[in-house]
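Just the one chain here, the form predicted on its own, laid out as structure tokens.
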Amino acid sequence: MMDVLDAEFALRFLHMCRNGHLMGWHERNGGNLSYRIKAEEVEEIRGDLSFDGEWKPIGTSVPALANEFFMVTGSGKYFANVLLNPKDSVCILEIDDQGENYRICWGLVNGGRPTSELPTHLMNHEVKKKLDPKYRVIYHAHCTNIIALTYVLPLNDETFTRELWEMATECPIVFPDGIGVVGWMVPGGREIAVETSKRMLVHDIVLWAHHGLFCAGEDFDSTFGLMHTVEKSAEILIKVMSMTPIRRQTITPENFRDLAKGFKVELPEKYLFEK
């Protein structure tokens, strides 16, 4: 039997929480992280899990995730404390055979529940699993610069994608499908989860106006790297906008098309409009 905290996936989960905190993306209890655990990883730690917990409603239906296990940060828990006391801050939960309920099998030893945004996480996981089973990580953070841009840029996919792409040549290579934007909504419920999951059908990045960013990926490194790339691009954009309203030069639509050919990526033409 392997203890949960000795498992490679758990160590990487905790490491990602620490890195996000150090980046300044998780003030107080802000942000959340979830990982869909592989079947073989579940078997490694099964002896350290408890199956006596009460089944509780998810708040939405995710039948494609039936009988899956997830590692998830807890509601009201601080990312700053995850590494110090993971059993208090994080849990492993199991989804029932209908995809309607969950039960805690490990963690949150001092009480509590999974992140209040569990419906969004699980609906995003369901969408990504159907598209590509390799996707296993959903990450939500309160990145300063990208949030600031939601107050000054039009809240649409085309504007945000194009502006962020122009700030660094790597951006269209790292997120060629662009960024999806959700206007302000009350977080934590099914309604915002539905709107987010719709955009996850197309994008790996979804922005909640005036709130934060969701990223999906196959593993911890690629998901964190995606978040970092978007936030750094937003930081560059804010610096450019602060210096001058007029850009002397930029990356043009034709430059993007040449980049797509060179790196063999497909860039949707809807983002390559003339400005």
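Sequential numbering from 1, following the sequence displayed. All values reported here derive from a predicted model rather than from experimental measurement.
Below: the form predicted in complex with 1,3-dihydroxyacetonephosphate (13P), not depicted.
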Legend entry - Interface membership of G76, 1,3-dihydroxyacetonephosphate (13P) in the predicted bound form, 4.5 Å heavy atom rule: yes
Inset, instruction - Although 1,3-dihydroxyacetonephosphate (13P) is absent from this view, report whether G30 comes within 4.5 Å of it in the predicted bound form, heavy atoms only. - result: yes
Legend entry - Touches 1,3-dihydroxyacetonephosphate (13P) in the predicted bound form: H211 (any heavy atom, 4.5 Å): yes
Legend entry - 4.5 Å heavy atom contact, H142 and 1,3-dihydroxyacetonephosphate (13P) in the predicted bound form: yes
Legend entry - Contacting member of S89, T150, T115, S197, with respect to 1,3-dihydroxyacetonephosphate (13P) in the predicted bound form [4.5 Å, heavy atom]: T115
Inset, instruction - Would you mind picking out the stretch of 81-89, 134-142, 154-162, 174-182 that comes within 4.5 angstroms of 1,3-dihydroxyacetonephosphate (13P) in the predicted bound form, counting non-hydrogen atoms? - result: 134-142
